[in-house]
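Given as structure tokens, the chain that follows is alone and in the form predicted on its own.
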Amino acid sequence: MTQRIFAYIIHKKGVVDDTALEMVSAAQRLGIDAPITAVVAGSGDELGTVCNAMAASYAEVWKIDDDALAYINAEVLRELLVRILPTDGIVLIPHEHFGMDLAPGLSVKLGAAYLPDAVDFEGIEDGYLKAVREEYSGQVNTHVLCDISQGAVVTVRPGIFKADESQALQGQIVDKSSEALEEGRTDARRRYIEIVEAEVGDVDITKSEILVSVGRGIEDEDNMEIIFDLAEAMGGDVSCSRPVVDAKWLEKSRQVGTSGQTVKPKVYLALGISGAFQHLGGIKGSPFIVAVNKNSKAPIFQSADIGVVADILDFVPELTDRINEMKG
């Protein structure tokens, strides 16, 4: 019997996260000839909007609708999912802050294998899922064999798989609320209090269509001027990776990454940025990525559309001059 594949869908205020369509592509890489089921939890009209959107991309959509899920608590959701998911299923969850909270405990309660932060799959052999993970901040790829005979919970790194935007299906929406809630809600030891929005500085990089992002390769604060010159020439804004903020060369509001801002530009220049997953996790929407780094083995090149091996201190002023020449 073919194992079923499930993908947990993250959404906010009726807007589906970019990872929802990435999970479709990730599931297709598993090498299992089976339809993919989306699992969506939430409440009210917003949940209905999300389910309808997902039905265009998934063969089936399971929804759990309850007022208590207006703000989803992973501790509660784990108990609800255990009541509806088969024990031998393969569950894909985005490897972001909520997914990292949800997945480990879910695997324990299902008695399933747990595989975190997968960046690729190479099919199944003799009952083992062959997966790829990155170690040492992306400097090394490791190949992992995961026993899926008793099911598996797998977190998938956001932004690695290209979103499947074909939306060629007319999936069935199945209400699993009664089954998930039949034993009542689960008492949680933690509760939602409020959302504290991140501070917005003089520039809101979450709204920028062109970002010129700089990392530790800039070497010195005095060199930041060339980055601002390039951003001005391109009509974009300056952002950065964490080392630049830690050095206090730019304010925290300009940091891209899992501990900074989530951005969705059309064009993203990564200058002197190694490309650790903490940084790439803050880039959504499949922008056109140009990476410039003097380390030819920098992980950023695996995610870039164009990669240039060069010292940014030499390359950036030259690029700025060329752009200004073209603009006349």
Partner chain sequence: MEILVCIKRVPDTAENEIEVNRDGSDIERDDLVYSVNEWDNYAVEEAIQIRDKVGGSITVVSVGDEDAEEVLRREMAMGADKGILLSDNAFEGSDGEGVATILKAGIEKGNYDLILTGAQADDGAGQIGGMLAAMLDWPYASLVNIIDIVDDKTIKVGREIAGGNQEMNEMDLPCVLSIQTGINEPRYVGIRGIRKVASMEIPMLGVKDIELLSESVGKSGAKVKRLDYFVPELGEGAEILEGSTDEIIDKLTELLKAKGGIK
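Residue numbers count along the first chain shown, from 1. Under this definition, the rigid core comprises the largest set of C-alpha atoms superposing within 1.5 Å between the forms. If you're wondering where the values come from, they're calculated on a predicted model, not measured in any experiment.
Heads up, the form predicted together with its partner chain isn't pictured, but that's what we're talking about next.
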State the residue from Thr206, Thr258, Asn223, Ser177 whose non-hydrogen atoms include one within 4.5 Å of its partner chain in the predicted bound form. Thr258
Checking Thr87, Gln172, Thr142, Ser166 against its partner chain in the predicted bound form, the residue with a non-hydrogen atom inside 4.5 angstroms turns out to be Thr142
Of these, 62-70, 35-43, 49-57, 297-305, which stretch puts a heavy atom within 4.5 angstroms of its partner chain in the predicted bound form? 297-305
Verify the contact flag for Asp147: yes if a non-hydrogen atom of it lies within 4.5 Å of a non-hydrogen atom of its partner chain in the predicted bound form, no if not. yes
Answer with yes or no whether Gly201 is in contact with its partner chain in the predicted bound form, where contact means some heavy atom within 4.5 Å. no
Ala112: heavy atom within 4.5 Å of its partner chain in the predicted bound form? yes
Would you classify Val309 as touching its partner chain in the predicted bound form, given a 4.5 Å non-hydrogen atom cut-off? yes
Partner contacts in the predicted bound form for 165-195 (non-hydrogen atom within 4.5 angstroms of its partner chain): Arg189, Arg190, Arg191, Tyr192, Ile193, Glu194, Ile195
Ser208 C-alpha shift between the shown form and the other one of 2 Å or more, rigid core reference: yes
Would you say whether Ala55 is displaced between the shown form and the other one, judging by a C-alpha shift of 2 Å or more on the superposed rigid core? no
At a 2 Å cut-off on C-alpha positions, does Thr37 qualify as shifted between the shown form and the other one after fitting the rigid core? no
